[in-house]
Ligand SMILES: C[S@@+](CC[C@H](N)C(=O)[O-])C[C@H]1O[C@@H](n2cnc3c(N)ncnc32)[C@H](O)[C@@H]1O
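In the block that follows, a single chain appears as structure tokens, in the form predicted on its own.
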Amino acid sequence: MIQMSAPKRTNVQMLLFDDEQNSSQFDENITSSSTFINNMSLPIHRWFRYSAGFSAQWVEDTIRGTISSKSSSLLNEEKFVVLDPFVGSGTTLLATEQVGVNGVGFESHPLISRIASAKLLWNTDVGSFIDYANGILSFAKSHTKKLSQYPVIIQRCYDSDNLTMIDMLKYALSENANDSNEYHLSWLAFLSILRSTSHAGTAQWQYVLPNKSKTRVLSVYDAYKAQVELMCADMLEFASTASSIHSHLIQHDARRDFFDLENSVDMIITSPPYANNYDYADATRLEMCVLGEINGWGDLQQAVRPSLIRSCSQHVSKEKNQTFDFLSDPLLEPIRDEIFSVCTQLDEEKDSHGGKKNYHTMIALYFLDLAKVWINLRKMCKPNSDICFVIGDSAPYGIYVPVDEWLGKLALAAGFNSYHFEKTRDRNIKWKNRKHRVPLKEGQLWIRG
């Protein structure tokens, strides 16, 4: 086991690996938007790239703007509670720590929940973390073992040298596993380098592409050292501006009741899965295969998908024959005629396409899932709460689905007072590689009361 020594070093240069210099740079010109890309220049946020997300700066500005608009006589900022029911990699929770309000988040994806939880450990003593991470690396380098069995996709994604080093780092972490902050941060440093050390390409939405090779691939041990170096610098940078209030992440499915938060939430900021057939489970297949949590794509059906909002056709194949039974659920009464018409069109349209994707089932179950979410959120929210959902509409097979309107109607049925939508950008306007030419939009769905 690794023996941790008491931290003696006090400045950034001394806290980094002895043979490396701190080359971390921070972008001082961060702009606000409703996309995640700017977060890749921000401390802590950039530790793991997750395609589903939004701007941390926008979240901070939105929270501050909401607080300033409320009567100071009725508001105690230290008791102001912000909830994110689809926390993803932790953007909202990190933003609440910067603003100085109480943040609570739900994330049901088991791996993403663990990643976000590790990011929230940024206030760990940097000296203890660097000692532990150094120990993990030394352990990996000084031990030998037979290479573990990995799925074929993993063997296709790494050359033999890097796969051996990955296996040794994973072994070092497993042999020294505990519940310390330092262990969880070291685990995240390992997970964060799995893409940069693979010669396989990655699609825009994180799907791994074994047949698309990258020209530049990092050595695993060098990448691990550099990642820990970045994390140490980020921890010190983030601490210089963060408040003393720390947020809380709970692995929980927002479709299910959570009684501990009843009538306690002042504001919700989130971005639920879009109804656009993106497979959130498959986006982390590479990492989960390396960790040994799954052996391939088929395992995702039981290991991950049951905990996720049903927003992709791969998720709903077994329910396709029950589609119109789902549409009769009382929770969908506010949009019954509209969604029935759209799902009927989608059912008929699929026979004209080779894939015959069950978009009709996906749309039915997506809105049924979100109807359940609205009911639970209403129980958690105070009467004067403010809610912002960053959402986008959808047009599977070119058949338009007015997501903002339908979600708004379902929110009213759950007991909220009003809704309005503010468009932030157009989508699907360049037509490249698109299957249809229906203009789409993205924006903020605001729910009041």
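Keep in mind the model is a prediction, meaning the values are calculated, not measured. So that there is no doubt, residue numbering starts at 1 and follows the sequence shown.
Below, we turn to the form predicted in complex with this ligand, even though it does not appear here.
- The stretch from 150-158, 358-366, 272-280, 96-104 that comes within 4.5 Å of this ligand in the model of the complex, counting heavy atoms only, is 272-280.
- When this ligand is considered in the model of the complex, only one residue from 307, 124, 247, 314 comes within 4.5 Å through any heavy atom, namely 307.
- Listed residues 374, 224, 132, 86 were compared with this ligand in the model of the complex; 86 is the one with a heavy atom within 4.5 Å.
- Although the partner is absent here, residue 108 lies within 4.5 Å of this ligand in the model of the complex, judged by heavy atoms.
- When this ligand is considered in the model of the complex, residue 54 lines it closely, a heavy atom lying within 4.5 Å.
- The closest heavy atom approach of residue 416 to this ligand in the model of the complex falls outside 4.5 Å.
- Heavy atoms of residue 421 never reach within 4.5 Å of this ligand in the model of the complex, leaving it off the interface.
- Taking a 4.5 Å heavy atom cutoff to this ligand in the model of the complex, the contacting residues in 217-255 are 252, 253, 254, 255.
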